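Read the single chain below, which is given as structure tokens and is the form predicted alone.
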Amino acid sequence: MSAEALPKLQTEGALPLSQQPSAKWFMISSVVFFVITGLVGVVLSLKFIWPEFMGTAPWLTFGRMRPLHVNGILFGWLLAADIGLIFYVVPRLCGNRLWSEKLGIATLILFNLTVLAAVYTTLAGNTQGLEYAELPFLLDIGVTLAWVMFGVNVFMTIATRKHQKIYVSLWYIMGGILWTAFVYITGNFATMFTSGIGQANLNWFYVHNAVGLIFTPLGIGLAYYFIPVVSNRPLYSHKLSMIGFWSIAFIYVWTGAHHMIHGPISQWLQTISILFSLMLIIPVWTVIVNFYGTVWGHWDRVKQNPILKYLMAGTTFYLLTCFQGPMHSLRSVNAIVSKTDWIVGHAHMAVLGAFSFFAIAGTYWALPKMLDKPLHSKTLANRSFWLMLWGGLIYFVSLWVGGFMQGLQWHDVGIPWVDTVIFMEPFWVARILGGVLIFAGIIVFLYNVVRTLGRPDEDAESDTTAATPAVS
């Protein structure tokens, strides 16, 4: 299989990587929010065993801290990290500078001010009371405006590109920007003008597609860039990647209703959501074959490189996530696992195990390149990986096993509901252990990033790595 390298970034007339502040500061701010909201997650896991942990002040209750954790991880950490990495990747694939660094900095300021305001509103109990859509109306406007500014910057960078070939990462990024706008507006604005079953249907459309049409295309697009670059291998198949892109564009939008199976929605809508959930095997298969195929026969590089470990572990977690999703959309399985802790484990594997692993890998790779310095410590990068991997496995598996048994008990009319809560205690203790290990990995990740930022210039290494992936 012959490899054809995409054109390398032409830096003539472009800003040096060290002078691209919007990308750099989006990454840095995202790591800070990762630590803060990760700590909130540990506190929440402790509250399952000790409900009055940290006192009973209203702003420290589970009901207020949970939306802070969810929105902080989704927007403060993961979406901000993806924006920073996209600001890094797109110019390198287009052969020109970011269209407007000033617009990028304005986006950074507006986005982070909105996230900080959301910290206050969620702890104050000022929310819309909708899953994943807790932010008040004014903050929704802030997120939407910041996203429009971000989208304009990316699309104008692509429109003024020097390289005419559009690599698959750009397709996923462009699609993700458009889909995010549609999904976010539907979930946060359209739900305000509906009620009852209509509102629930729109809300679950948003909840599921927040992962499926926001974080999936952005994360997969970035992984399509970083896996070939970090492994120094040509992409297994560009044609296969395009099949995956167009199939996810037409399939994913119909899957959200599988969260309402056996609920008060029409049978035809439930059936359609099941069929399209099963059809997700098409885009998932293209991604998995492409990512594994790219490094196939060169697994020694994965062993030696902590960044590649994150990328390939994220690929494996993506495979497991996308196997679980269609399976628990089936009516017989859904009757057992729906609304149990199984779903919590599934959601955490998607956001942490798959897309956060991609974002961490991208940050470990891109930030040193932008600073024209080496990563502070590959040893620490390895330690952060193993802490998050083992912590994640303990977390996910404990909730899968406990949640499935919890669902079976709910179907047994002879078991009082309170006994099913008591039954879950050892699984929640395991979740605490997993959460602590994950948070320890986040702290090591933060320390490595901070030390890289502060590393003396005389220790810097030049960026000699190819700027764009190769494709076959």
Partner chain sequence: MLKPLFKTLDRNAFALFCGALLFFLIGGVLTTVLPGMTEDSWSEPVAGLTELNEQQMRGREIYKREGCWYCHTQQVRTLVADTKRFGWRGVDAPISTPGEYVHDRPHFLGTRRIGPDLARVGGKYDKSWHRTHFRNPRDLVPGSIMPPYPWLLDENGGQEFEDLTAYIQTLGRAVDWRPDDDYEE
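Numbering follows the first chain given and starts at 1. Keep in mind that this is a model prediction, so the values were computed, not measured.
Missing here is the form predicted in complex with the partner chain; even so, the following discussion is about that form.
At a distance threshold of 4.5 angstroms between non-hydrogen atoms, Arg64 is in contact with the partner chain in the predicted bound form. Using a 4.5 angstroms limit between non-hydrogen atoms, Pro136 is distant from the partner chain in the predicted bound form. The closest heavy atom approach of Phe323 to the partner chain in the predicted bound form falls outside 4.5 Å. For the chain shown alone, Thr144 is not a contact residue for the partner chain in the predicted bound form, no non-hydrogen atom being within 4.5 angstroms.
Only one of Gln128, Thr316, Asn382, Ser100 lies close to the partner chain in the predicted bound form, with a heavy atom inside 4.5 Å, and it is Gln128. The partner is absent here, but in the predicted bound form a heavy atom of Ile166, alone among Met156, Leu393, Leu275, Ile166, sits within 4.5 Å of the partner chain. Contact with the partner chain, judged by heavy atoms within 4.5 Å in the predicted bound form, is confined among 83 to 91, 307 to 315, 266 to 274, 284 to 292 to 266 to 274. Looking at 206 to 245, the residues that come within 4.5 Å of the partner chain in the predicted bound form, counting any heavy atom, are Leu213, His238, Met242, Phe245.
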